[in-house]
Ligand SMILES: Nc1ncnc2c1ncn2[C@@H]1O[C@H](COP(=O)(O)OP(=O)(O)O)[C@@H](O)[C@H]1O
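Heads up, the chain below is alone and in the form predicted alone; it's given as structure tokens.
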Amino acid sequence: MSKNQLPEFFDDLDESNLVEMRPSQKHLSRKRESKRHEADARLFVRAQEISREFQFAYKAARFEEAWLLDSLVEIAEHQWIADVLRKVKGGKEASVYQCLGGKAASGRLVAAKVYRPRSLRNLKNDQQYRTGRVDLDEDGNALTKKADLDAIIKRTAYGEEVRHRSWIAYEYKTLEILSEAGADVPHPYAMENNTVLMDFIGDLGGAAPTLNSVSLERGEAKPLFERVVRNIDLMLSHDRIHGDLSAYNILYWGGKITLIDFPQVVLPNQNPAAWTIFLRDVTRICQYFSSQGVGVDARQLASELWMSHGLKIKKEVHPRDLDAEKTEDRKLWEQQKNNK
């Protein structure tokens, strides 16, 4: 296929996804934007080649199908999945798909968390979480290749891709550590390309709901709250803070909870903002369970957990670490303001 034919394929990509890509491309020069279009078109062409050998039940839009096929082909070849049944969660950073487990997976259903192309993400927003973290390679080990480290420092296109892979690797590595420790997290199976494969929480009908959408029965709230606190404590004992914990990142299924979404994990001993981020996590959890009838002092609980691991309290949550669009963060900011 000639270079001149590629734009024709790009024009065939799903219109909704083209609209979604444009904001992140506004700062690009016309030349760089043209190269981006060409790269996406090549992805589309590659996907068509893959689709001759790997097809799945889920009917995706054209651009989604392209990067989904490219993302899952190795996982399918290694028999982790036999089919993709449906998309159960879409997001700015990643989408989660319900898959039929292959011979290599122990579960009948598995979840494939497929990260969106790096070109659609703003890595600058990740910096508060990355502080103090060593970048990881595709196997979850600390990067040692000088070329990779230099590329990251110079912020080249390749370096940004390496940082993107490291972000994904932190989720997989954290799931491995916490699953082995007995935490209530999905068991991870594999990480390949830009995909993390793990246990699916739910059934053939769909994924488990998030805790924020559930009305707990009388008597359920306190035991579940204690279970969440146990997990928070367990994470601290393994040098991890979730970093974005709330009822939106906890699944509820069969009376049990499962914590999800770990790429932004914070290292408590290495990140100067660790205490403020940890306090934010604990406060969000306490706010939810307070609405379910469980009374608790969030700051006292956070302090006790923090200091029980020999960590020192530094300061309260800074407004820059809060998201004005999240109701729970606005409540936290108002609470801090009123307590001064």
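Quick caveat, the model's predicted, so the values are computed rather than measured. Numbers follow the displayed sequence, beginning with 1.
What comes next is about the form predicted together with this ligand, which is not displayed.
Proximity to this ligand in the model of the complex holds for none of Q55, D70 and E192, with the criterion being a heavy atom within 4.5 Å.
Of the heavy atoms in I241, none are within 4.5 Å of this ligand in the model of the complex.
Although the partner is absent from this view, L178 stays clear of this ligand in the model of the complex, with no non-hydrogen atom inside 4.5 angstroms. Though the partner is left out of this view, W253 does not reach within 4.5 Å of this ligand in the model of the complex, counting heavy atoms only. In the model of the complex, this ligand sits beyond 4.5 Å of every heavy atom of D184. Exactly one listed residue, out of C99, L245, M235, M198, brings a non-hydrogen atom to within 4.5 Å of this ligand in the model of the complex: M198. Contact annotation: of the candidates N249, T174, N231, Q128, the single residue with a non-hydrogen atom within 4.5 angstroms of this ligand in the model of the complex is N249. Note that among 149 to 157, 215 to 223, 82 to 90, 135 to 143, the stretch whose heavy atoms approach this ligand to within 4.5 Å in the model of the complex is 82 to 90. Residues of 251 to 279 lying near this ligand in the model of the complex, listed in sequence order, are L251, I260, D261, the criterion being any heavy atom within 4.5 Å.
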